[in-house]
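Read the single chain below, which is given as structure tokens and is the form predicted on its own.
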Amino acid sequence: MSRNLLLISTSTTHGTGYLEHAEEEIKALLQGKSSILFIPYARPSGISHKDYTDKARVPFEKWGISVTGVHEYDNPEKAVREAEAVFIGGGNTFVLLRNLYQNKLVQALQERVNKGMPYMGTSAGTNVAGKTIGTTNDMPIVHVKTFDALQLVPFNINPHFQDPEPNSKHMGETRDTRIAEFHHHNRQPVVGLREGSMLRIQGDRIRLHGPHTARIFLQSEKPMEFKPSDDFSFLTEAY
């Protein structure tokens, strides 16, 4: 499998512009490409597809990459099958997944990515790259017929992963707790991606980029911290 993916926790970190913190990794992913197809279906804060695409267009044009929105095409599936690369932005994961199925893009994306087309996602766009969307932080504001996602990787991801605040008086559930609950019913590993972190996947090789470690959760085991220099390849042989 010739996968070529960049899965980013968030599109913007504190003190940086849109996608600015991932510029180096994005340029490496898109080396030799002159265009990218943007899928704005997640619609953060209800933003229109046009306005979301216009926002995404700004940094890419600075990098010499032209951007078109999938909604601009009469046949979205054909647009995916002919794209040089695809970027799925963040927003609500349930809205995004429903639209991917309704527009018949799931199989097209799977086939293109498995043949080497560069794919990048941020937040919800990273969620849907996993096995299911069962570890999203988003509210289920729309009904989806299945939690099955694009399954470009055989594990789940929890973008925006947050550690418990040691001095907080909050008595509610932590991300660790919720992921442990997920693992009572599901076997696949979960990667907790902190803000500013991203996974670069080339074939069966997985590398962590960014300033933080990643927390990896395996069913019936204690969570583990992994550094960028660690070997993540076992995740490609997940359930």
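The first residue of the sequence shown is number 1, and the count goes up from there. Bear in mind that the values here come from a model prediction, so they are computed numbers and not experimental data.
Here the subject shifts to the form predicted in complex with another copy of the chain, a form of this protein not shown in this document.
- Note on contacts: among E61, E181, D204, D51, the single residue with a heavy atom within 4.5 Å of another copy of the chain in the predicted complex is E181.
- Contact with another copy of the chain in the predicted complex, defined as a heavy atom within 4.5 Å, is made by none of S2, F38 and V67.
- Of the stretches 138 to 146, 81 to 89, 68 to 76, 108 to 116, only 138 to 146 has residues with a heavy atom within 4.5 Å of another copy of the chain in the predicted complex.
- Contact annotation for S45: at least one heavy atom lies within 4.5 Å of another copy of the chain in the predicted complex.
- Contact between N186 and another copy of the chain in the predicted complex is found at the 4.5 Å heavy atom cutoff.
- Another copy of the chain in the predicted complex comes within 4.5 Å of no heavy atom belonging to K227.
- Shown alone here, Q162 lies within 4.5 Å of another copy of the chain in the predicted complex, counting heavy atoms only.
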